[in-house]
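Okay, so here's just one chain, in structure tokens, the form predicted alone.
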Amino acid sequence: MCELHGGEDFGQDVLDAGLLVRSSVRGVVARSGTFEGVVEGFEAYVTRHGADQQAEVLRFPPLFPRADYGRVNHIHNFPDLLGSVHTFLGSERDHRKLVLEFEDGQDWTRGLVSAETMLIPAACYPLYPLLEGELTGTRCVDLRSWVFRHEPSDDLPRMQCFRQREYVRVGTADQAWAHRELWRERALELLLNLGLPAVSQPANDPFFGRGGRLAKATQREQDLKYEVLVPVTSTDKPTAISSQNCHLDAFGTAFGIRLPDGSPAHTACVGFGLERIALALFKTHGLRLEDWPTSVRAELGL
């Protein structure tokens, strides 16, 4: 069994070592050069082992058109996690009022209006509008983006803004399912190969409200989601660092992505939480890179 490093408060150990730096808002942190080196090394590692997918590469900014956001069920399922972009579009008189409220410590945000964008809640969301129409053959896309989820927490791996690396398959039901199964095994193997005490298990998304309980049960019954878990800040409640998901035809239907026979396309994805994986590596191998196993450093180019 892998020996885990760090004291009782691993998050504080990471901060004391300068690997991450907290801001005044929970879940918003700065990353050090050493931390970023581990993230970059892991991304290169995933790229090598995903080369057989022959995936197209797309990199999206952390913003998503509001009109496209309205075509998915995120606001129905995860309203507590969403992030909406607002800005000022008023007159000079409105601006004076805004400044006075700001200087008086009032809620000056009341003068703002919604922009055309939302913060991305998952790296794959901006992909689907680009695929609208008839799909010619299967598509595999390599994605990475900053994503946002409003869940402020003192648990260091639970950041409000973080990066996801994904491989998304769009095609028939069989192709999507095969993609999920391939990466369910491969993701676990890749993480175990880095010396992490990783385990895979069925999971569900954190659907909101009373209707969410049924959605969670349905997702588990249909065997749609798996997560790879590693102890980071808690042994009793390990942290999910990767997920493998089958979406059925949800996005194909929402965005009009059609197969040649006219039926909606199916999608599946694997996601790697880059900050969480870096933290899992520091927890497992120690806070100093020079103490890490030679084999792990070699795999990550460190």
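Only a predicted model underlies this, so the values are computations on that prediction, with no experimental measurement involved. Numbers for residues come from their place in the sequence shown, where the first is 1.
The same protein also exists as the form predicted in complex with a further copy of the same chain; that form is not shown, yet it is the one meant from here on.
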{"property": "Proximity to a further copy of the same chain in the model of the complex, single hit among 82, 217, 178, 199 (heavy atom within 4.5 Å)", "result": "82"}
{"property": "Listed residue (63, 259, 250, 240) with a non-hydrogen atom within 4.5 angstroms of a further copy of the same chain in the model of the complex", "result": "63"}
{"property": "Exercise: residue 150 in contact with a further copy of the same chain in the model of the complex, heavy atom 4.5 Å", "result": "yes"}
{"property": "Partner proximity in the model of the complex: residue 28 to a further copy of the same chain, non-hydrogen atom cutoff 4.5 Å", "result": "yes"}
{"property": "Residue 15 within 4.5 Å of a further copy of the same chain in the model of the complex, heavy atoms", "result": "no"}
{"property": "a further copy of the same chain contact at residue 294 in the model of the complex, heavy atom, 4.5 Å", "result": "no"}
{"property": "Contact stretch among 98-106, 183-191, 170-178, 224-232 - heavy atom within 4.5 Å of a further copy of the same chain in the model of the complex", "result": "98-106"}
{"property": "In the model of the complex, residues of 99-131 near a further copy of the same chain [heavy atom within 4.5 Å]", "result": "99, 102, 103, 107, 108, 109, 112, 114, 115, 116, 117, 118, 119, 130"}
